[in-house]
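This document starts with one chain, in the form predicted on its own, laid out as structure tokens.
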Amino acid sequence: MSSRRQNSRFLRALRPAFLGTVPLIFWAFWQGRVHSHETLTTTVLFDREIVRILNSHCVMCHFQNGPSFPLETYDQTWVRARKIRAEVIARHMPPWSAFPGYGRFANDNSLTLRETQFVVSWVEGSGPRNAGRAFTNIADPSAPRPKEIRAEADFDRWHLGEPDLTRQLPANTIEAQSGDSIQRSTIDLGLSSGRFLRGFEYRPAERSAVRAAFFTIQETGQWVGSWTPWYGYTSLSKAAAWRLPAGSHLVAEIHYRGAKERVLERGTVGLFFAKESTADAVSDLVLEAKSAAPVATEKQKFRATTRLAGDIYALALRPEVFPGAESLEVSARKPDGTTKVMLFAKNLQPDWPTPYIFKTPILLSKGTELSVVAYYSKTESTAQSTGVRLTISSVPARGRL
């Protein structure tokens, strides 16, 4: 028998063994790969920790047909997981520029360290929905479908209760995909006599187009309240109130952004009156430093100061800056020489203007020097002006608020 025939017969005998071995090798390798991809490395679940974070910080903007992409369901959130992780780590979202440790604010929309860790762990752990209850290989057709856990926001209720007086703003038309704009309107409150205002709330009609809103009393120029997507009301203690003269008008400054479609926006303000007239009147303390910017510059600093003539409680801060602002600091230098930083904000986002409402009023004694400092990293040559304006809402410190 020739050597060629012997080799052919040997290969035919070897083929069944070889063909039986290959599937076993492939099966072992394939099993190992599937096992590694299905292993979860986190105990953080969408239906538990993540949905709570979305409810507290996100869905007031990220809802269906809202100003940004929706994050209401598991599927919507999972496909954006990597982007969410990057934005959270960079502190770009949620929009809140104040650094922790410098003032405590009632309208703070930042994630806590624990919440940040939850988000990062969930994303890096493959984003599990739940503990596996919703995913089984055998489904009972007769069993009721489990209710989907989803993030939700209640836009239809007054957070401070039913208002004593409501007024609807004049209608504004916002064109589709239009740029950022600010529109002002005046509302007659219809007051035949003076009143004391203890609370204020605003509800926009088209949240998809509204970025922020600020309200002042026309007759006194006082700032009485603001609205941001995550915090739209102001409430004072019984010891403080705004005084509304008879015939008062409310001036609304609404910051708009074009929605997907042309909309007619007409929000509603709710006013809550104090039952007694013994409250101390809230007043505004304004610090301002501005200048023209005829040429482009790389760095600019603006500082304004004032010295208190009496003891006060600081209730809230409303900073106003121009595009290009890099950081902002509000501090109080006390008569004993110590300094308290009331607010430090960095990476300011002009498209999300916000006030800073103190969780607990801050007592500032007579002789304290208040200062606001704004740093600009770059000023465009086309800017008409630049600088900073700070409004501090306060009441005389006659006792405890």
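We number the residues from 1 along the sequence you see. Being a predicted model, the structure only gives us computed values, none of them experimental.
The protein also exists as the form predicted in complex with heme C (HEC); that form is not presented, and the subsequent description refers to it.
- Checking 311 to 319, 149 to 157, 185 to 193, 79 to 87 against heme C (HEC) in the predicted complex, the stretch whose residues place heavy atoms within 4.5 Å of it is 79 to 87.
- Not displayed here, heme C (HEC) is approached by residue 211 to within 4.5 Å at the level of heavy atoms in the predicted complex.
- Although the partner is absent here, residue 68 is a contact residue: one of its heavy atoms lies within 4.5 angstroms of heme C (HEC) in the predicted complex.
- Of the heavy atoms in residue 95, some are within 4.5 Å of heme C (HEC) in the predicted complex.
- Though the partner is left out of this view, residue 300 does not reach within 4.5 Å of heme C (HEC) in the predicted complex, counting heavy atoms only.
- Residue 111 is the only one of 252, 111, 174, 279 with a heavy atom lying within 4.5 Å of heme C (HEC) in the predicted complex.
- For the residues 58, 51, 364, 374, the 4.5 Å heavy atom test against heme C (HEC) in the predicted complex is passed only by 58.
- Taking the partner from elsewhere, every residue among 230, 257 and 352 has a non-hydrogen atom within 4.5 angstroms of heme C (HEC) in the predicted complex.
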